[in-house]
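One chain is shown next in structure tokens, namely the form predicted alone.
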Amino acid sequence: MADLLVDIWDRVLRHVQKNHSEHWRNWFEQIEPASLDNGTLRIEVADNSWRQYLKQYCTEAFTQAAQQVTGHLISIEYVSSEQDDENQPQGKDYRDSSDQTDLLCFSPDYTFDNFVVGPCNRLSHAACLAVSEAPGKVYNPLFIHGSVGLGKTHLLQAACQAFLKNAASPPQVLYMSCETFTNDFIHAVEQGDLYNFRYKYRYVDILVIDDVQFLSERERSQEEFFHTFNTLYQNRKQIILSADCSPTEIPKLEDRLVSRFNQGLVTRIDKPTFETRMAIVKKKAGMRSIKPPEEVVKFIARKIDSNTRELEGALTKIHGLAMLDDSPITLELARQALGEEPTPAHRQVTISQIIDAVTEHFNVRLSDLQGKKRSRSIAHPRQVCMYLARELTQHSLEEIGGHFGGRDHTTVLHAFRHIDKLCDTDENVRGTVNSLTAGLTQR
């Protein structure tokens, strides 16, 4: 019977990997089947974070796979050595619980080990790591902001999980979205239960609120959060917040909250650079036991330059198509999966070619680009050169800076970010960059 169960489980895993590749993770290989009886397949996992993740995201995939493999109606149950008593009645008094960790489960993917550090997020990563090791003592509050899909939630959950893992005694961690906080507050007001609400939020070791920009225009919620913030801060409890913009840019946020958010460390996460995007693709592939060729990794990193979620989505499409056709991952398959028809190959672009194109377009001299002049008529073409070199070649920041009078990597990175931002806001700059790119890449 044991051998039969192991065989069934192995076939279930292979079915999930092939037909639900978006859910597959390499740590699934560590999961063991506990039993199969009375139409229930019990799956034993290492800890509650795995159990909660599987229950929330993977139950449908595992159920479908088990039914397909066995030919019978099968339900799935997850068990772990840390399993709490889910059947125990839960009272409204939050003080009855010794573990106030919010029921929103932490993803096993969202750890510091799985986070790719680059120039775009180095400070945010270091700050989260620091507060997880010494909560309430450094960077309090910690405010992280950036566009969607850049890793804010990953860092917040990684900090929570590291603190829970390293704490000497059972800690009290509350992690949730701002929407949950405001809904809890409204419910407490309606039920006349503000005492227990305040106890829940004000007597924790770490309070982590994601997407705090949704406090905008909610006057009573802002008032409550202000007093919650003050209580925690005065008791030297750690506060970590995230938003899609800096505190001063959140519309209709009270000045006293802006002031308090700014009194700690405010750090921004930017769009990942090419090298960072490649590292992200490799990390996500490794987490799914996928081994794409280097040329496919580069293609994805070139094709998707916006955020981590879209990079992961592209990898999922490519892997899904490969599994569907039972074929290896190739550059041609990657182009097909991402909707790019085979086209005549673009030529290899060199920095010399970029410089020639830019000097001709802007009517400037090479000596000016390599010199120390900082007038706009010279600085702008120089920054466009650096941007195109970053986008169209494989040279490092240091190598690119060497072509422009030995400038350091921070100057090149600043130029890249400046032109990248202008491409989003200035139609003329965007048109110039697109025209130069087309001329350089087309045969």
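The first residue of the sequence shown is number 1, and the count goes up from there. Since this is a predicted model, take the numbers as computed values, not measurements.
Although not depicted, the form predicted together with a small molecule is the subject of the following passage.
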Check your understanding: Y201, Y110, Y139, F229: which sits within 4.5 Å of the small molecule in the model of the complex by any heavy atom?
Key -> Y110
Practice item. Could you check which residue among Q353, S80, Q172, T153 gets a heavy atom within 4.5 Å of the small molecule in the model of the complex? Key: T153
Review point. Wondering, does A134 line up within 4.5 Å of the small molecule in the model of the complex on heavy atoms?
Key: no
Practice item. Evaluate N121 for contact with the small molecule in the model of the complex, applying a 4.5 angstroms cut-off between non-hydrogen atoms, and reply yes or no. Key: yes
Check your understanding: Does V116 reach the small molecule in the model of the complex if we count a contact as any heavy atom within 4.5 Å?
Key -> yes
Review point. Should Q161 be classed as touching the small molecule in the model of the complex when contacts are defined as heavy atoms within 4.5 Å?
Key: no
Study note, to complete from the structure: Here the chain appears without its partner; judged in the model of the complex, the stretch of 191 to 199, 246 to 254, 144 to 152, 218 to 226 with heavy atoms within 4.5 Å of the small molecule is 144 to 152
Point to revise | Contact at I280, R309 and E312 by the small molecule in the model of the complex, all three, heavy atom at most 4.5 Å | key: yes
